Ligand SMILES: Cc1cc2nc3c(=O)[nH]c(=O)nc-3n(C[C@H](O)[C@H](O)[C@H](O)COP(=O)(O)OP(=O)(O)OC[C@H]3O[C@@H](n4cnc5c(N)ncnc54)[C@H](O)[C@@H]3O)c2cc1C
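Take a look at this single chain in structure tokens; it is the form predicted alone.
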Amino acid sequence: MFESIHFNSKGRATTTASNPAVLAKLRGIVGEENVVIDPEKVEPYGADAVKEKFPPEAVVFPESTAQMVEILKLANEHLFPVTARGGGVGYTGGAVPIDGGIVIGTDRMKKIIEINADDLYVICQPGLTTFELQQAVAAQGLLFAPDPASYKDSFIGGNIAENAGGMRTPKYGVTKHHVLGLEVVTAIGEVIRTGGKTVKNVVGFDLTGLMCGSEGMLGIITEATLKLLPMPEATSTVRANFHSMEAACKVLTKFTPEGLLPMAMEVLDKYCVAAVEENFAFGLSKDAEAILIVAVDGSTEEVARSAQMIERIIGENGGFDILRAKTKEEEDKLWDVRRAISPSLMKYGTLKINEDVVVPRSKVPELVARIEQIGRRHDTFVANFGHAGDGNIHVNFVVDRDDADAVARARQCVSETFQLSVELGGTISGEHGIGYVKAQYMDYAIDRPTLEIMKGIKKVFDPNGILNPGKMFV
């Protein structure tokens, strides 16, 4: 058993969650089988995609709002840290308990409470995966538009907490644009409801928007009311090769003058192409220095016309080997290429530092060119891909984890890339959030008075600092 007192990341003494009296009360709230303390079983809950391990003292699995309330009241009474966790697939340590304490897993809270086709909303608990929700509403001819690459693993609660983006963002926006209302348990165990079931709502402050992207630092989501759309009649996806990343990225601004708003525009460089082809043998061209994938949706006639226009525009701007999917299976295969990139890049090293800077779409060609220069200047391998249609590029510096000098050079590349994105009118994260990984860079993008206001908001919602400590602010 751990000591009864420890010090958190801010140097404040707190009671540990492994105190026998605390554990007994947690078991009384959720049931003995839903409190896990075995070191081997809690270890997976101490890391995300960053792979740095901070095991919690216990993992607790509530199944209701009432149980969540009791857990957080107990945490405030004994002052132990609480970190909410969904699928644990983040890239910034947002769901990692760096100060110990307990992790609250929302795995058991996955009910769909209501799907309303007349008013176009769904009410659900936070433990559903994005894919599970999409499948459920699709069965009624409806669309939940947010579509992060990790959609089969990421939880709805985590998507809201991180304000996740995804591939459909150019047309449909990010997660916050589809959240109508929330039920949230605050750090002191109070239940608040934000927003509602209507698209219009200007009663009081927009606390729903505040919770989107708050990274579990202000409260824990226990229920979400999400906006739905009619399922588009048809979709079409076009893929094309280019002789350079710059040429592929320059096409992004060519669609608007033609009256086109693609659903998705994704780009990947030659290193991504080579890695994916080696791992999965999709039949990608070895002559491609970059690949652009563009998708549209709408009525059957509209989609057919738009796809033809996209093929023409791409061809007029340097694209070659242009391929349009003719069936749903072919379309899925084109998108499988994009979804396979991130794990495939590990062929280039044992440590992949994946950042997600974002700039105005017109600045993407310059961003990518200058990131490549940063990599060369510091003798560091870099591969770029991502949501080019909304200016969000995933920058991957890949090195040998055991080479301290190489890791230091990669960290310098990260710092310069963040500075570059801000210089170009963007910011340091488009969808991955800040967590503890990017906390040291917050002042690159946010001025000091604004940061102090954010800290003040945190204090209002979480006066004792128990929720997800050590994140965002340093």
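Residue positions are given as counts along the sequence shown, with the first one as 1. Keep in mind the model is a prediction, meaning the values are calculated, not measured.
The next section is about a form of this same protein that is not shown, the form predicted in complex with the named molecule.
Taking the partner from elsewhere, Gly101 is found to have every heavy atom lying beyond 4.5 Å of the named molecule in the model of the complex. With a 4.5 Å cutoff on heavy atoms, Ala49 counts as touching the named molecule in the model of the complex. Among residues of the shown chain, His432 is one whose heavy atoms approach the named molecule to within 4.5 Å in the model of the complex. Put simply, Glu277 is far from the named molecule in the model of the complex: not one heavy atom of it is within 4.5 Å. Proximity to the named molecule in the model of the complex, taken as heavy atoms within 4.5 Å, picks out 144 to 152 from the listed stretches 115 to 123, 144 to 152, 316 to 324, 230 to 238. Of the residues Pro81, Gly90, Pro262, Gly391, just one reaches the named molecule in the model of the complex with a heavy atom at 4.5 Å or closer; this is Gly90. Residue Asn468 is the only one in 438 to 474 with at least one heavy atom within 4.5 Å of the named molecule in the model of the complex.
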